[in-house]
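Given as structure tokens, the chain that follows is alone and in the form predicted alone.
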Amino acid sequence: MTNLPADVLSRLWAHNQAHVLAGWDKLASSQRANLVAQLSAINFAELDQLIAKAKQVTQPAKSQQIEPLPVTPAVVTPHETQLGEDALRRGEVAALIVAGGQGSRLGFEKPKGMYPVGPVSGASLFQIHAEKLLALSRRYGKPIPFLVMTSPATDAETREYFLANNFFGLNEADVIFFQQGTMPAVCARTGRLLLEEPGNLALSPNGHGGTITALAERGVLTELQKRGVKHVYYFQVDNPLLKMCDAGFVGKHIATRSEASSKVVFKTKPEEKVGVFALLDGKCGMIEYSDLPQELATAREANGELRFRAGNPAIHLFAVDFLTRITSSGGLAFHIARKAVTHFDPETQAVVKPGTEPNALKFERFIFDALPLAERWLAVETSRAEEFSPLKNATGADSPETVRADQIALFSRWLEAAGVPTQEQPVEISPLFALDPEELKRQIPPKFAIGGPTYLK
């Protein structure tokens, strides 16, 4: 076949996947190059193992001992704060934003990080996070590397957005983009690779747990080690209330020599759709809200609080040495999901639409699978009102309306504490003006008053 590398062809035949080459001679040169690149990136031996695993008769899962996770109170000592601040001054902390998703659930056909959520300014999620990093870099006199994890669907547009906005004041050399990996979808019955269209495999991101693998595969971990970075502050793009590289949290992490530390928001309702931290056979782990047995989800303590209430806001702090150890041993395990996938059949040259039953297997890694691998771990309480307001839905809970309202409420409390009544007006405080209530008190001009929608910048 014209322009088809011999090694790719031999691997396809060896793994019974040569069907994807049907119609090869009709493909344009760009389509052929794309398909070869996608096929060359596949670990076929690993894929075969996953397909075989999916076909095995599922055995009843071994019963795990599940207990509530011990959570450290939010109180931070001066010593812990000092440890965190010293680490930031030495440049030992990097920030990692998971930004591989589109805003399609919001009716926004761009990377979600570009969504405007500033209640007065209209600042995007990316701008808010980047300006927090810039403010912290100025406070501690040391740049904080900004690791921006994208996906094939968001990479080009995200890079262009940062470039068009002059990296929001950050040094371009300190903004490190890297792509999340992908995995091919395969037919659930035959295990054969599926095509999205001629010359293009049906690929999907390999899950937020693929972040760790990508750090190693893209050379980011090596770069961090060269820079002297020892800790990676992991968070998701959709939470503008995040306390970026929180010095107190960093200090607790360092003081306990933790390898994997997590922030916790306490659930008040069993039906809230956040994962729950728990002790799984004595190890720190997390259970998806949909997988937590009903009797555990609704169980309550004598004081009426939920027994399993340690909710996961997806804010973690990982030791670089820990991430290196995980990736050197092959990364996190894949989870197998059965999905309905519309695909192109190269042999019939027709589009196949699935019925009501899933027709495909997809493979994902989950970041929380890293937690039980840590020899030393830490879970620290945080305030939902101060640090967790995710943007998920177009309307209702976790929507632009609630996220903007939560920001206004937070900034209103800061202003009230500084002696400035807000008169119930929309208010917003840029991270470049103040990162916290204490800094706001120092920055606010004498006799300052709110007379309408206000953006302090």
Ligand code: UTP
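A quick note: this is a predicted structure, and the numbers were derived from the prediction, not measured. One-based numbering along the sequence shown.
Form predicted together with this ligand: not shown, discussed below.
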Exercise: residue 104 in contact with this ligand in the predicted complex, heavy atom 4.5 Å: yes
Although this ligand is absent from this view, report whether residue 260 comes within 4.5 Å of it in the predicted complex, heavy atoms only. no
If you check in the predicted complex, is residue 364 within 4.5 Å of this ligand, heavy atoms only? yes
Answer for residue 206 alone: is it within 4.5 Å of this ligand in the predicted complex, judged on heavy atom distances? yes
Residues 94, 224 and 231 all lining this ligand in the predicted complex, heavy atom within 4.5 Å: no
Could you tell me which one of 131, 246, 387, 238 places a heavy atom within 4.5 Å of this ligand in the predicted complex? 238
Which listed residue (309, 112, 343, 316) meets the criterion of a heavy atom within 4.5 Å of this ligand in the predicted complex? 112
Answer among 347-355, 96-104, 375-383, 167-175 for heavy atoms within 4.5 Å of this ligand in the predicted complex: the stretch 96-104
Listed by sequence position, which residues of 377-412 have a non-hydrogen atom within 4.5 angstroms of this ligand in the predicted complex? 392
